Ligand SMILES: Cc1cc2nc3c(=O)[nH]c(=O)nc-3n(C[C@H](O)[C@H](O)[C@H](O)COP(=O)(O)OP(=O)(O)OC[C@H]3O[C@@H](n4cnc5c(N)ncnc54)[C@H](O)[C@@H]3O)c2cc1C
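Okay, so here's just one chain, in structure tokens, the form predicted alone.
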């Protein structure tokens, strides 16, 4: 088995603005495998970043197959949500969501937890999946787990 000598930064393949590794048309990378710089900083290794990159990579792959010029990726940071416990979370929403706000909106606690849950539900496909998860969440919120300590 041979290895390719490809440019890397901290174990991630360095890609150009169209996700090509070392300028090659036959090797593309996104997500955790790719080192993508945006505004002078590398994009985080988060699922959200990979999900945002995927449609751009797919469009560029179609362009490559058709022999058309590729288009550079434009990252649209949506902010961050992180669950921190049973009813707590942290949130940073990008300012373009609230055009009148001069900065990002950052908040925590129960309101951020509610935004995290609503966002998670909207990402699921199908009414049945959303309904099942919402029912599970409601039951777990109003009940406690019975844990037995058996020596």
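Bear in mind that the values here come from a model prediction, so they are computed numbers and not experimental data. Residue numbers count along the first chain shown, from 1. Heads up, when I say rigid core I mean the largest set of C-alphas that superpose within 1.5 Å between the two forms.
Form predicted together with the named molecule: not shown, discussed below.
- Interface membership of residue 48, defined by any non-hydrogen atom within 4.5 Å of the named molecule in the predicted bound form, is confirmed.
- Residue 90 falls outside the set of residues with a heavy atom inside 4.5 Å of the named molecule in the predicted bound form.
- With a 4.5 Å cutoff on heavy atoms, residue 32 counts as touching the named molecule in the predicted bound form.
- From the list 107-115, 58-66, 122-130, 39-47, the contact stretch for the named molecule in the predicted bound form under a 4.5 Å heavy atom rule is 39-47.
- Core-superposed comparison between this form and the one not shown: the C-alpha position of residue 123 differs by no less than 2 Å.
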